[in-house]
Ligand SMILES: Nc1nc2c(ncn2[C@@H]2O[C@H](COP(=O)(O)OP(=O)(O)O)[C@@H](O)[C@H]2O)c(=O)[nH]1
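Quick heads-up: it's one chain on its own, the form predicted alone, in structure tokens.
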């Protein structure tokens, strides 16, 4: 939960803790919300506008059937906050058959974002090509090349050529017939005439279907001005906001973009090439306030399942083995760090960070232990006697009691799988029931 999320959740908690809702309570919670938004760099004019809307709705609207006064006020706050951060998505970014140009300032993360999008869409079945057309930053080509090779996506560039238009012409020839072509362009410390001239020449040659402006979350309120300047010069069709994982200023960028009617299509949520997601104001607000993003988590799990040999059907067939348990650990590792997973589950504020770290270390240790087993041992854990455990202990650099701990955890999971196979709810069913009953706002 980031700074903005913590403060806004505090406002919601204050509403829920109120004995009754009157004009005084409404004004108090509005003041707290104002402080939270201003400290998160949301424009003061925008803050005053949303405050008036909330106050007017809270004092004039009749309480909806089935809701208490407190629940009604929570809903009004939540709806208006979603609106100030961009509102409900009116359209999604359709990439198939498109040529996309990425533009922005130095340091915004255009090159990394180009690679992230390359991975994102290639995983969704689009034949994707990346063109390195930033001829000013010396490391730009090498960075795109390395990232493209990591994700196994075709790329094109000419590191010695200083003519981006010529590079794009050659790149388009190479990627003829591809589903999606993305071009990384040069940046500057400011939108000067030289940069405008260069990007306009690139635009004329590329004839892009979409021009996406890459903005860093730490820009705060100045993002709105940048979005407007780029739009006036080039006709920007959408925005990608990077560095949303570590910035309390994310609210400032999102509200600034919403103000200029620049749709935010994606947000960057970390440094890894898989750390990018389609932006949805409702899901974003729910997650930063600690209510979770189960839809996003399930989508991530589906992606990981699709690219591994692990499938729910296979897990319920035959006997559940240590080999399958190992595959589960591998898939969990791909989903991301435990702190990110529990945040998406809405449990981030409830779990101790030191305990999460211990759990992360335990999972790594379990993998090392299974790596030190023979194939026969991973398929039949019953043969793991004292001498075998001692051998595995030496091979994995762990203690025998840590191997026995792994076997206990494995037996618990094995038992759960048997229950699921028999059609019982079991622990997993209980967990899902808990989420069903949690009642996230905005759903």
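Numbering follows the first chain given and starts at 1. In this text, all values refer to a predicted model and were calculated from it rather than measured experimentally.
The following text describes the form predicted in complex with this ligand, which does not appear among the structures shown.
**Q** Please identify, from 123-131, 237-245, 148-156, 253-261, the stretch that has a heavy atom within 4.5 Å of this ligand in the predicted complex.
**A** That would be stretch 237-245.
**Q** Give me the residue from 226, 112, 286, 280 that has a heavy atom within 4.5 Å of this ligand in the predicted complex.
**A** Checking each option against this ligand in the predicted complex, the one that comes within 4.5 Å is 112.
**Q** Only one of 97, 107, 87, 138 has a non-hydrogen atom within 4.5 angstroms of this ligand in the predicted complex; which is it?
**A** Here the answer is residue option 107.
**Q** Does this ligand come within 4.5 Å of any heavy atom of residue 203 in the predicted complex?
**A** Heavy-atom contact with this ligand at 4.5 Å: absent for residue 203.
**Q** Does residue 268 reach this ligand in the predicted complex if we count a contact as any heavy atom within 4.5 Å?
**A** Contact check for residue 268: yes, within 4.5 Å of this ligand in the predicted complex.
**Q** Even though this ligand is not shown here, does residue 119 get within 4.5 Å of it in the predicted complex, heavy atoms only?
**A** No.
**Q** May I ask you to check whether residue 143 falls inside a 4.5 Å heavy atom distance of this ligand in the predicted complex?
**A** Output for residue 143 is yes: heavy atoms within 4.5 Å of this ligand.
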